[in-house]
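There is one chain below, alone, in structure tokens, taken in the form predicted on its own.
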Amino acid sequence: MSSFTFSRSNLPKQLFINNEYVNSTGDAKLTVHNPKDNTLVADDVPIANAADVDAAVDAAEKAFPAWRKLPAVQRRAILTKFADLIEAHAVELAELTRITLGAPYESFGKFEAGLAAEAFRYNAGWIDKFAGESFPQDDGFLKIVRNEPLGVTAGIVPWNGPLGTVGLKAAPALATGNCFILKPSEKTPFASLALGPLIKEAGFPAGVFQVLSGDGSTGALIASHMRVRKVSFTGSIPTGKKIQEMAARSNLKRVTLELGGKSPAVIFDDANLDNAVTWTANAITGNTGQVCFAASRVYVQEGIYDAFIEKYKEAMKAKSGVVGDPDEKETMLGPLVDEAQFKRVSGFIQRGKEQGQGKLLVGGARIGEKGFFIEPTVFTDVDPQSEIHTQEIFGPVSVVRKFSTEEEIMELSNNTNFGLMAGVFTQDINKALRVASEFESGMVGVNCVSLMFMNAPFGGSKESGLGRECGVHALRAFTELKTVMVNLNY
């Protein structure tokens, strides 16, 4: 019988340190609201302070020697059981996120819990297969390269994927023998805080996997801590830069940054039109557009531009029809996360209309009188220098432009500091591969866009990030290479 008892009426409001729920040593608290109606959810979620962070690091350091030496079969069993427990409690965990994120279960909560569970299973499978290297000893020396854990590591996860990103960060860290401190977003803390009973039930020793709620001040304490050896962060570019600076100024800790995007989708005349419309409409409305790799710039070749616009407009109108109360089963799109995000997205739309940055094709209005619901929105004929074309809006807002030549559109696609995701839609494989290689982007979809896979590297180029998550690359990010040289000639 699981010890998991958290629910909407019994929210986790303590830090999870050394396998126990404890109160913060400070008095500072977080306040969170339900974005569907802006009602208060809680105003007493602890903000971990320096003493709390130190306590978690102390416990992790104490646990690390035994955890790193735990036989692979035992560590694998713990991670696999934890995956099973996440899956078993997917509905409850998703609800704990939904009350402050507003993401419906059928379209997002179920997916996110599944992603987290699969991340732990996938990385558990690597534990006894993450091999090192050896080199020929014809010079009289055998060279062995080992993958060794870093020690105390941490993950700062975003509000738009608060459970799924736990899997992407914690699973490879724990699989490679590190201890891990999780810091959830101040906007969506409850699913992370509720993991405590599952961590214990799975069999993680005390201090191996801990959770500290907090705001940016807590994240800064982690990023600048002299005994934290690695921090993996997902969030905005400005915050990512601050974390990298704090990491460098402290102990030069390892940093993985998964940051923002303004992803282009390039649709050529020979593309399958219905496929292109489906992918681009889904890509900008998934999680109400609050996705780092959303296809927010859509470029369509002139030969099919009119036909695409007609179908894209209808698809986006249809998306407005499934916006609603995230607690209702039939709802597919919920509200934006909070008032601040609603004002940000609404501001972009309002300025886009008032300043003539583009022509409003569809959407642009608030839905209802309470909560933070907004219509999926499209601007056409957008000025490429305008803010709606160049800046990440992080809502269900896309811009569309017509293009003529491949050379023209590749220059426009790459004229940005972002480089997370890109997509090319064509039935010419030579063109597809040529364009894919020309994109300045960490990931490219061919006849698809805005997706990821657990076994392939996920991350961006330029200011969209540093390092990669998923696959063997995540394991490498949480390990240190050690070269052992054996003299065979003495």
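Since this is a predicted model, take the numbers as computed values, not measurements. For every residue, the number given is its place in the sequence shown, counted from 1.
There is another form of the same protein, the form predicted together with a small molecule; it is not shown, and what comes next is about it.
Between the options 193, 127, 117, 246, the residue in contact with the small molecule in the model of the complex by a heavy atom within 4.5 angstroms is 246. Of the listed positions (219, 396, 264, 326), a single one reaches within 4.5 angstroms of the small molecule by any non-hydrogen atom in the model of the complex, namely 219. In the model of the complex, the small molecule lies within 4.5 Å of some heavy atom of residue 242. Contact annotation: residue 371 falls outside 4.5 Å of the small molecule in the model of the complex, judged by heavy atom distances. Although the partner is absent here, residue 108 is not a contact residue: none of its heavy atoms lies within 4.5 angstroms of the small molecule in the model of the complex. The closest heavy atom approach of residue 178 to the small molecule in the model of the complex falls outside 4.5 Å. Using a 4.5 Å heavy atom cutoff, 184, 236 and 292 all lie near the small molecule in the model of the complex. Figure note: of the listed segments 226 to 234, 396 to 404, 264 to 272, 380 to 388, the one touching the small molecule in the model of the complex, with heavy atoms no more than 4.5 Å away, is 226 to 234.
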